[in-house]
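In what follows, one protein chain appears twice in different forms, each by itself as structure tokens: structure 1 and structure 2.
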Structure 1
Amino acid sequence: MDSSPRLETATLVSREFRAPGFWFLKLRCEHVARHARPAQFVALDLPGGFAVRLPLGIYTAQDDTFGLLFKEWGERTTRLAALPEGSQISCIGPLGNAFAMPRAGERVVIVAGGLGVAAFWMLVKELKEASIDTTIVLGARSAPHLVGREELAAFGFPFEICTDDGSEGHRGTVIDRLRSLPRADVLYGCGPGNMLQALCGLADKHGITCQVSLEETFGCSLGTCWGCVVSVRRGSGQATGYPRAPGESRDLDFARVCKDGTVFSSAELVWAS
């Protein structure tokens, strides 16, 4: 079957309030559900007044339904959270690349900050099926912001909780907790930019393979507007490949998060100093 992105109509099956401002929605769309891979996303055209499509990461995918875990933070997400069950939603997906699986015998640590957890349900499912030694580290500002852990904890992997204020689990950041864990062979990360920069720096310092799913503000979600570019090393397979400008000495290029990502290797990202 063709797994490329398609324009589809999804039906809202259920909506669940998870925490103040946080929602889990389940939608029926066979093409997206059957072909979604870890860290891919959909672009939704919501009923109502005109707005650019809303990109959201695909959290769960089973049979003919997929789930979205998101925070109500703007007009579009507020509109999505208020849709009644049975609503029809135009969507394009699945979009983006996906996390690559580790080799057999490698030890994995997943590092999720806040809503970065939404990138990992499908990956954890695949790691469980492949019997990969996995530890999950989930962090948030405080206990009420810890969402998504129920589904991930159900897979039975060791699970570490961190909160900045110590209201639940370990007091401190996920990076603080990661430093105290046994060395991993492969790291996966998704969350705020400063967290991912620290994770990539730690991985590169110790020579650990690391893949991160980046969050950027998308315009078109299809790679045409170039509104979500990030810096990558020149020669990266995800880079534009544009030649240097006359007199340019920087050893970097650019990639679009929506089209060339959202997953990038830490070894190829160039973070602003």
Structure 2
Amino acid sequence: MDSSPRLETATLVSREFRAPGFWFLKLRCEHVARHARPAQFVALDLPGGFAVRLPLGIYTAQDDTFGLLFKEWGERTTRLAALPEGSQISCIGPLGNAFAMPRAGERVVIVAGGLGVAAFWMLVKELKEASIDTTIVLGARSAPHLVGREELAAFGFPFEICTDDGSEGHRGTVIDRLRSLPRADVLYGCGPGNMLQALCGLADKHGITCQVSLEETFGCSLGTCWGCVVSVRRGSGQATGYPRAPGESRDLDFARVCKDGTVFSSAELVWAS
């Protein structure tokens, strides 16, 4: 079966309240569930007169069902959270690129801030199957916002929990915690932009391979509208390959987060200083 994205109808099979505003939904859609790769996403068409789809990262994927872990933060996520079980949802997926797996014997640290954890279930599953030494660093503002641990814990990797307010685990950020851990060979990150910038900075400083999955406001979700770009180094693998614009002195190019990503290597990204 072809793993390229398809326009499908998914059925909402269960909805589970995780924390105030946080939901874990399971949708039945065999094509997405069977072909989703770590960090890929779906684009959902929700009722309510919205002009564009809601893109959401695929959290879990098993048999014919995939899971979404998300927070109500706008009208479309609020609408999704309110849909009753049994609802039929138009779904395009799986979309975007995927995390590349480490080589055998490499040590992995996964760094997830807040809902960034949702990018990692599929990766953790593959790391487990490949017997890769993995540590998961999870951070959130406070204990109630530490969502997503339930599913990841099943793989048995060690956790490092951090909260800004110290209500659980280490008080401080995931980056603080990462600095005190043994050096990793490969880092994976997903979470707020400032966290990812710090992670990439740390990775580059120590010469560690680092892949991050970025979040952006998407228009088309397919790569046609060029609305969700990120700065990458000119000539890097995910750059457009377009010639340099006249008068443009910066050594950067704009790649599409939805189509060329959402996963980018820290070596490619150019962060605002």
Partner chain sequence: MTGAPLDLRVKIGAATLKNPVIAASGCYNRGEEYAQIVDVGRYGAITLKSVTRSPRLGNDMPRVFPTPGGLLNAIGLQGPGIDHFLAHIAPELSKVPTAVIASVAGFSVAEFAEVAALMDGLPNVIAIELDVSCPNVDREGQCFAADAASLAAVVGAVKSRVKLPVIPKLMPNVADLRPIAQAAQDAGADAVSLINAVRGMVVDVANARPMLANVSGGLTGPAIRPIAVHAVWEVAGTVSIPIIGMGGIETGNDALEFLFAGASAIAIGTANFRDPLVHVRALQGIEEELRRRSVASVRELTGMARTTQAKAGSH
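Just so we're clear, the structure is a prediction, and the values are computed from it rather than from any experiment. Think of the rigid core as the biggest set of C-alphas that the two forms share within 1.5 Å after superposition. Quick note, the numbers are simply positions in structure 1, starting from 1.
Form assignment for the chain places structure 2 as the one matching the criterion, namely the form predicted together with its partner chain. Core-superposed comparison between structure 1 and structure 2: CA of G235 displaced by less than 2 Å. Comparing the forms between structure 1 and structure 2 on their rigid core, the Cα displacement of G207 stays under 2 Å. Core-superposed comparison between structure 1 and structure 2: the Cα of E248 travels 2 Å or more. Fit the two forms on the rigid core and the C-alpha of G49 turns out 2.7 Å off between structure 1 and structure 2.
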